[in-house]
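Shown here is one chain on its own, the form predicted on its own, set out as structure tokens.
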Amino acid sequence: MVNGSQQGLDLCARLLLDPGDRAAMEDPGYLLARQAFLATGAEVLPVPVDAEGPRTDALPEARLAYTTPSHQFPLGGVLAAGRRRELLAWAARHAAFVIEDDYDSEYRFDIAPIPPLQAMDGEGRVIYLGTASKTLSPTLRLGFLVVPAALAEAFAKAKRLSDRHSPSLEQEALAALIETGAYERHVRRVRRRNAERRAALLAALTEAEAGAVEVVGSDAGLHVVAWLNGVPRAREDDFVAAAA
């Protein structure tokens, strides 16, 4: 258990990277992950992203790769099962680790779930990072890491050196929610509510101006990307006001 996903990223960076190591990362990608890797003195190498997420055919040789396969941040692509297998094969080939940041996978709408990389991993190469902030509250700094058995002791020691432990009261409350089934019921309820909000947003964007708005990354997650094609920058304030 960690104090939010950012502490999980920091632990991964400090334990897996030395100065001069190379880390592969989606481009565009999550800025705070990039900063955590750079803080170790590592070199961050960009991996281009398309509609299906990071292009696994463009992965460089590196010590680790960071990915958001369930809902690529920020463009929203979902990494297909074939690419997931290619990513795992890359990790085995280069003796590298993969950080799977599964930050909002509870929210899926028009697509069937794909097994996480961690469940497909037979080589002990995937570190799975999750958080409760997207389902319960962004102020609840409580996340978790699922690490390969060979790394578990090192991660536990590094966590203790950082802050002894994450808050016990919040952990006990979350555990009670999970054990009683209340957490799963809550997630289903929130998913339905957000599906309604998503439908309203997509309908409004479609009607906003014919041909002017192209929406991507709307199959999952809590955000979408809207490209405003041919709309002059001077009208940006109008769109913001209409969205509000």
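So that there is no doubt, residue numbering starts at 1 and follows the sequence shown. Worth saying up front: this structure is predicted, and the values here are computed from it rather than measured.
What comes next is about the form predicted in complex with a small molecule, which does not appear here.
Asker: In the predicted complex, is there a heavy atom of the small molecule that lies within 4.5 Å of any heavy atom of Y183, even though the partner is absent here?
Answerer: Answer no; every heavy atom of Y183 is more than 4.5 Å from the small molecule in the predicted complex.
Asker: Heavy atom to heavy atom, is F37 within 4.5 Å of the small molecule in the predicted complex?
Answerer: Judged by the heavy-atom cut-off of 4.5 Å, F37 is well away from the small molecule in the predicted complex.
Asker: If you check in the predicted complex, is S105 within 4.5 Å of the small molecule, heavy atoms only?
Answerer: No - in the predicted complex, heavy atoms of S105 and the small molecule never come within 4.5 Å of each other.
Asker: Does the small molecule get within 4.5 angstroms of any non-hydrogen atom of R141 in the predicted complex?
Answerer: Yes, R141 lies within 4.5 Å of the small molecule in the predicted complex.
Asker: Is the small molecule in the predicted complex near all of F73, D101 and T131, within 4.5 Å of a heavy atom of each?
Answerer: Affirmative, all three are within 4.5 Å.
Asker: In the predicted complex, which of 75-83, 116-124, 158-166, 131-139 comes within 4.5 Å of the small molecule (heavy atoms)?
Answerer: Stretch with heavy atoms near the partner: 131-139.
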